[in-house]
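The chain below stands alone, shown as structure tokens; this is the form predicted alone.
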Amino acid sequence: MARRHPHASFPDLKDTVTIAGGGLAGLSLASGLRLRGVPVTVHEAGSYPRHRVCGEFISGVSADSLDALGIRDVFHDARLLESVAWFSRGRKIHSDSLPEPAYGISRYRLDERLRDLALEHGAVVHEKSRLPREPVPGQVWATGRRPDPLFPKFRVWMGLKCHFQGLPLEADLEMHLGRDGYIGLARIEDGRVNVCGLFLKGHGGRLSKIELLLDYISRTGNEALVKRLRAAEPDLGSFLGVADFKLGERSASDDDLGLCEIGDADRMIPPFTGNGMSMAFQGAELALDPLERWSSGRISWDECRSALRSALDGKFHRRMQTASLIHPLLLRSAYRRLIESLGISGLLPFRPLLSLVR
């Protein structure tokens, strides 16, 4: 699918930026570049609208960042999420509020709106189009999760999500810790709740979609949550799972290939932070200046890549390091018991930890 808004064209005085991947980072980057008069073509391997495995919880991105990308209006009816509750084995161990409200909105709705807005701004968007993974000047990789062929030798992650109706929550966002995984529940549009979990991959046999999700949650020791979910109504069409992806920052091999990457293609933060979607937008904003300068011939492609890589590292390195340290602790029983004790006693440093991953 490709079309160009008739009132948003600019003289072709700049080189075209080609974006591989039409998710949050790719589409928001496309809109932001078009506002600066840069020609943009987006190649998306799938089509819109569709569901994605995602927490659908956007926390920590500023209104200024959304304005710089020209996408603030797509959140006009998003749920504003303020309260947080943490649970361990069905027991509430901590409750708090966010310093600033977060957005709750499904990727099904958000990605389609971002696609439509990119088209309105004058980008060309090709759906069901996949580019070869190779370094090309002017080509930005925003392709989402990164498969890791080495992971079968180590820990293999499984991400599962599904929307539920009629699921009462004790807070706008609930986090449930457990053995070998954790689950987040967040309010989204139309009274629905997004249930998304990260688990060490096991053998689900021939279980149906919902039974597979409930089986994984049960294995974490969260039987009380399973009982709540069985009393609610799942949206079977929203169920989705992904596996064999890598958490962490870009690999040295990607730098050696000369690829220019943003979003999850560049680095994927552990999902308990609720920060992955925000980082997609923030990364796209950081890419605007170097890509505009390259497009107008003021810097070389290597200089563009280097400037963007430096900006991304400066923005995200601390939060990635912090999250990478905390993530394994959430999966180990001894540390979970410590977190549980701190939470129950009121000593869990929730806000200081939150500030480190923002």
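None of the values given here were measured: they were computed from a predicted structure. Numbering starts at 1 and follows the sequence shown.
Only in words, not in the display: the form predicted together with a small molecule, which the text now covers.
- Within 4.5 Å of the small molecule in the predicted complex, a heavy atom is found for all three of 20, 198 and 277.
- Comment: the small molecule is not present in this chain, but in the predicted complex one of 268, 217, 98, 188 has a heavy atom within 4.5 Å of it, namely 268.
- Shown without its partner, this chain lists 226, 131, 207, 156 as candidates; in the predicted complex, only 131 has a non-hydrogen atom within 4.5 angstroms of the small molecule.
- Looking at 327-335, 307-315, 61-69, 48-56, the stretch with residues near the small molecule in the predicted complex, meaning non-hydrogen atoms within 4.5 angstroms, turns out to be 48-56.
- Within 4.5 Å of some heavy atom of the small molecule in the predicted complex lies at least one heavy atom of residue 143.
- Mapping the unseen interface onto this chain, residue 319 falls outside it, with no heavy atom inside 4.5 Å of the small molecule in the predicted complex.
- The closest heavy atom approach of residue 264 to the small molecule in the predicted complex falls within 4.5 Å.
- Proximity of residue 115 to the small molecule in the predicted complex: non-hydrogen atoms within 4.5 Å are absent; the residue sits far from the partner.
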